[in-house]
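Just one chain is shown here, as C-alpha cells, and it is the form predicted on its own.
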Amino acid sequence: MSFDELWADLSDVGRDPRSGGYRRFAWTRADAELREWFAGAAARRGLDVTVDRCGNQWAWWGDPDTGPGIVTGSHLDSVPDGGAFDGPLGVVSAFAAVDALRDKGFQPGRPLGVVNFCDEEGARFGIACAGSRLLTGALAPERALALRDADGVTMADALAAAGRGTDVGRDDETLRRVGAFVELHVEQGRGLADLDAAPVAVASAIWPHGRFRADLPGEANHAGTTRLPDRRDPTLAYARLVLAARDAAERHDAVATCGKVRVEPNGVNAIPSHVTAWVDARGPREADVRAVLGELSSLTERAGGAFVEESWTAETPFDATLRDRLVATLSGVPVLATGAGHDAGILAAQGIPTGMIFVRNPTGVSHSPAEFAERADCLAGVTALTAVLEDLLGAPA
C-alpha cells in the first residue's frame, strides 16, 4: 500500500463530523479500531505483532530477541478535536518506510520495529505519554490504574472493558529489544515554516514541562438571591489564575495554558461550589517554568486552594551522537528544540538513544483540526525516515 492508501485508511476513525477534528481516546471504541488498523497494516507486511505489558503495540521485521533493534513509529490517539497528523503521521510513515526499504531490496542487519504507543496525549486520564511512562517505569502502576476520566471511569476499569488485564508496569523484556528509537512527527509550531527552507528537521531537545491541578473551593448558592459581598465564588479565583498564568509566562520567557476546567455543580443559575483547573507550563529553561508555577501555586493557596503537580518532565536532550548522525544522513537539515512532549522524550530519559524527525507544518497550528502538512512534505518525511533507517540498520544486501 502507498502512503496515500495508508493515510486514507485512517481518515474516518474517531473523526467528529461537527468539528472535523478527532476524538481518539485511550481504550475506547475508536482506539480499538486504530489498534486493529495497526495490526492489519503489520500483517499485510508480514510483520510480527507483540503487545507489551502496558498495551503498546510493536510490529517487528526480524526477530526482536536477536537485537537490540531499531524502532520507529509514534502514536495514534488524539487530544479532544485534535488534528490528523499529530501521531498518526509517524506511524503511517514508519510503515511506508518499511515498504520503501523492501522495494529497494534492503535486508536489515538487525531487527526493525514499528511501534504504536498508547495514550500518548493523556486526553482521557490526564497523564501524557502514559503508555511509554508505564513501559519505562516512569509512571507507577498503582497511580495509573487509579486515574479517572471525566465520567469517573478508572484506567483499571477501562483496561478491563477493552479486554486487557491490569498487570501494567515496567517491561524490561520489551525495553531490551530497543537499541535506538527514531520518531517522525509533524512539527507543532512555526519553526520550520518560518525558516522557509527544508521540509524536515531534526530535534535537539524537548523543553521541560509540567501539568498541575488547581483545586479552588467555594460555596454553592443561588445566583439571583445571594448578594455579591456574601458570595464565595471560586470562578473569581480561577479568572485570576488564568490572567496570572499569562502574565507570569510573559515575564519568565515561558508558556502557560489553562486549557481544562471543571466547574461544580455547573449550573447557569448556581454559584459554583468548586472549580478544578489544570495548568500546562513549559519553557526553554526549567528555572523559568518553575518560577511561573511557583507564582501560580502561591496565588492558589492565597485563595484557600491547593496546587498539585500531576506530571513533570525535565528538559530532555536527545542523544547527541544519534542526532548528528541523523543530520549527516539528511544532508545538514535544521536542528530544532520543541516545547511539545513525545514518547521519544520518555525513552530518551531512560537512556535509550533516541532521535526525532520533524515534518513542516505550514500553519504552525497543532492540537486542532487546522493542523496540516503538505503531501509533498509528508513524502519528504518518509524519504528522510527511510534514509535514516537504512543507515542505522546496516548496508543493503
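Quick caveat, the model's predicted, so the values are computed rather than measured. For every residue, the number given is its place in the sequence shown, counted from 1.
There is another form of this protein, the form predicted in complex with a further copy of the same chain, and it is not shown here; the text below is about that form.
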query	finding
Option touching a further copy of the same chain, based on a heavy atom within 4.5 Å in the model of the complex, out of A306, A197, A162, A239	A239
Heavy atom within 4.5 Å of a further copy of the same chain in the model of the complex - the one residue of T235, Q107, T321, T166 that qualifies	T235
Stretch in contact, per heavy atom within 4.5 angstroms of a further copy of the same chain in the model of the complex, of 138-146, 166-174, 90-98, 251-259	251-259
Contact of F85 with a further copy of the same chain in the model of the complex (heavy atom, 4.5 Å)	no
Contact test in the model of the complex: R102 vs a further copy of the same chain, heavy atoms, 4.5 Å	no
Exercise: A270 in contact with a further copy of the same chain in the model of the complex, heavy atom 4.5 Å	yes
4.5 Å heavy atom contact, V51 and a further copy of the same chain in the model of the complex	no
Those residues of 42-60 which, in the model of the complex, come within 4.5 Å of a further copy of the same chain by heavy atom	none
